[in-house]
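Before any questions on how it binds or moves, here is one chain, the form predicted alone, in structure tokens.
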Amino acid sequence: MPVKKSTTKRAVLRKKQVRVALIGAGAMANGVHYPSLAEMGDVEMTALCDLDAKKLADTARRFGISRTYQDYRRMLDTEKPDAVYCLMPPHHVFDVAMDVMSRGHHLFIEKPPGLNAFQNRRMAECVARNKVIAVCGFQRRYVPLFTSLRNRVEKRGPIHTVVVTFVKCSYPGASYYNGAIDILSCDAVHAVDTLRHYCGGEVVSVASDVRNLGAEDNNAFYAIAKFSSGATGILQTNWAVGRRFFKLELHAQGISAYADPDDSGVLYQDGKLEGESFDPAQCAGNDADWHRWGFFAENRHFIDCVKGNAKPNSSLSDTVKTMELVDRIYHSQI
């Protein structure tokens, strides 16, 4: 059966509201993405699809979505949205994402962008072939605390060192979704992408240490990567520690920034012991989790790219490089 092409125009979307159809009524959708979209006056949450009838009804009620479906294809054929959110486990995303883009709809997916670099490349090719805009939700790129500190550091000069630490207390498990995908590709990939984004340039070389710490499979990943920008990136991810942290360090000549969106940010300059404090909520202009952690900013970026027919920051063509760096970490062990 041939796929029906959307009539959505690929030129600049001039109408006031972007009509968005939503696939998925899970925790991330309800917790951060749909609350972000609900705050935007130029977004219409047109329809919602989920296989779970209770989740579908509860989410539709919460966000005032009147039209619900349990078949996303029927939803797209009926609603003809400008853009589609596909928020589901990573081992279910590929087929749906390829179908959505082949129909001519713009697309937002959560991380990771496929199970591996191969799937990510196939999706990126689909983006180009159908001339759509597609974003992967690597929201650490958009954390207001991180971007505020980056701007201050780069005023002094180019960043020469980036340190990303992402740790959790989650053992003996060493995979997600009953073994469908590994820790580094599924969740710790956030740290890999953050390292790439804030170092800038292309990966030149990688040395890594991949470990199994009392788990079923590898659950600790350390790497040092050299980038064409001149920056060195240091990655520390470990799922066998005392508690969860996600922290970013940015260093340039005579200036250093340390940031944790769950706590605070501090900027140090010229050897002085006293630093300048940054409050995550003040940087975001809002204390809600989806603002402090960058979800609102990434969703706003996606909607703006759809309206302006602009290439997004975390495009599916760019995130291929993140998934390739995941591969290099596995294959560059010291």
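Everything numeric in this text was worked out from a predicted model, so none of it was measured. Numbering starts at 1 and runs along the sequence shown.
This protein has a second form, the form predicted together with a small molecule, left out of what is shown; the following refers to that one.
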* Structure fact -> Exactly one of K55, R67, R62, R300 comes within 4.5 Å of the small molecule in the predicted complex through a heavy atom, and that residue is K55
* Only one of V210, V127, V167, M88 has a non-hydrogen atom within 4.5 angstroms of the small molecule in the predicted complex; which is it? -> M88
* Within 4.5 Å of the small molecule in the predicted complex, counting heavy atoms only, one of 215 to 223, 76 to 84, 201 to 209, 134 to 142 shows up; tell me which. => 134 to 142
* **Candidate spot K111, Y177 and F295, all three touching the small molecule in the predicted complex (heavy atom, 4.5 Å)** => yes
* Asked: Though only this chain appears here, would L51 touch the small molecule in the predicted complex if you measure heavy atom gaps against 4.5 Å?
  -> yes
* Asked: Does at least one non-hydrogen atom of M323 fall within 4.5 angstroms of the small molecule in the predicted complex?
  -> no
* Asked: Any of the heavy atoms of G26 lying within 4.5 Å of the small molecule in the predicted complex?
  -> yes
* Asked: Contact between H190 and the small molecule in the predicted complex at 4.5 Å, heavy atoms?
  -> yes
